[in-house]
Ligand code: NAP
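The chain below stands alone and is given as C-alpha cells, in the form predicted alone.
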C-alpha cells in the first residue's frame, strides 16, 4: 500500500466514531499515518479530524502548546489519538501533554505492561501481563510551587478524597473489564499519612464493594522492588500521580521500553490515547520510526469506543508480526535486518485476520460511575481551630528566634509550642545537630481551641510581621475529633 494514499475505512453501513488525531512532533506524523493505515485496513469505524499541538504551536506564541481549534475539536469528539509532543526549551511555558490532561480532566492514566513476542529482554519468559492505573491530575503534578526564601523551594502535594475515589473505582472497573483477579494499591502512606494515607484509606473503604477482586496495599518502594524481583505477581496496580509516573516507566522497561508502551488517559467526558515515548527528532522523516506504541494505544482506543472486533484484529496482526520476526523496525529487529516504518506497517496489514500464539484478553466495556458536576465538599460534624503553623524566613539560631516569637505572643491567646527546620524539631532542642536552612516552621497553639479565632490570628500575625519575614500560614484544625495536621520529627 502506498504510504501517502488517503486513509479510507473499509467498513460500510456501521456507525462511525469521529476521533481527533494529533500527529505531534518529530516522528509523530509518521507513526500516526502508519496507525491510521492499519486501522483503515482493519475496517475500524473511524472518521479522523486532524488537529495540532506541540512545538509548532509553541513557536506561534501559544504558551499552552494547544490552540483553541484543537481544544474545540476534542470537546466535540471526546476521543483523541495523539503522537508524541515536544515541550521546547527556551519557549513555551507548560507541557502540552499536561495541558490536555488537565483541561479535559483526564484523571486516569492506564498503562498496560505485557510481554510481547519477539522482543527479548532480561525478563522474557516471565509472563509479565499487568496494568498500572495512575491518578493523573493531582498530587505534586498540580504544579503549585513557591520559593519560600531565595534558597528554599516548596511544592504543594495536593491529594483529595474524590480524586482518590475516582482513580480507585476506575482501577476496580478495569480489573473487572479485563477479567483480572488482583488489584494492589501502592502508596507511601507510611511516611505521608494524610496525603498518600488518604489514597490508602479510600481504597480500603471502596474495596468491599468489589468482593470478587483480591485487594491489597503495598508500600510504593516495595512495589518498585517487587516489579523487578517478581513482576509476574502483579495484575493491576493503582497509585498516585508521581508514584505512577515513575513505576509505569519502570514497568515498560521490563518488556522492551517506551517504544512499545501504550497509554490511555480517561476522563468523564473525554479520553486520550497516546504513545508515551519521545518525538525522536533525530530520525524524523527518515522512515525509521517504530509505530508499535501508538498502534497498541489505538487498540486501547478501539476497545474504549466499543469496536472490540477491530481491536482484536489489529492486536493479533501486530502479535503475529512480532512472533514471526520479519520486517521489523530496526529498534526491535535482529541486528542488520531492520526495515522502515512503511514496510513494518505493510507487514502488520498483511497479517490482519491471522491469529497469534498469544491470545487477546476478553475485554468488556468499562463500567464507570458518572461523577456529579459542581463543587465537591466533605462536610464535617465539628471543626476546631487548634493553632497555627507560620513559616518564617530567618537566619537566627533557633533559641534566638524562639525568644523573639515568644515575645510576640505576649497578650495573645497563642503560645509557641515548637520550631522545626526541614521537618525536624530544633526548638526545644533535642540531642543531635541538624543542618539548618533559613526556613523555619513555627507552631503556635491556642490556649482555648475554638471554631474560628480570626481576631486572635490577626493579632498574632500583626505582631509577627513587625519583627519577621513570614512566608505562609497554615491553620491547625481538628476535624471530627481527629487532628488535621502532623507533628515534626521529635515533636511530642
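Since we're looking at a predicted model, the values are computed, not measured. Numbering follows the first chain given and starts at 1.
A second form of this protein, the form predicted in complex with this ligand, is not displayed here; the remarks below concern that form.
Contact annotation: residue 387 falls outside 4.5 Å of this ligand in the predicted complex, judged by heavy atom distances. Among residues of the shown chain, residue 350 is not one whose heavy atoms approach this ligand to within 4.5 Å in the predicted complex. Within this chain, residue 81 is remote from the site of this ligand in the predicted complex, having no heavy atom within 4.5 Å. Within this chain, residue 297 is remote from the site of this ligand in the predicted complex, having no heavy atom within 4.5 Å. The chain is drawn here without this ligand; in the predicted complex, the stretch among 102-110, 176-184, 68-76, 280-288 whose residues come within 4.5 Å of it by any heavy atom is 280-288. Though this ligand is absent from this view, in the predicted complex it lies within 4.5 Å of a heavy atom of just one residue from 196, 307, 138, 86, which is 86. Taking a 4.5 Å heavy atom cutoff to this ligand in the predicted complex, the contact residue among 215, 276, 333, 366 is 276. Heavy atoms closer than or equal to 4.5 Å to this ligand in the predicted complex belong, across 18-46, to one residue only: 27.
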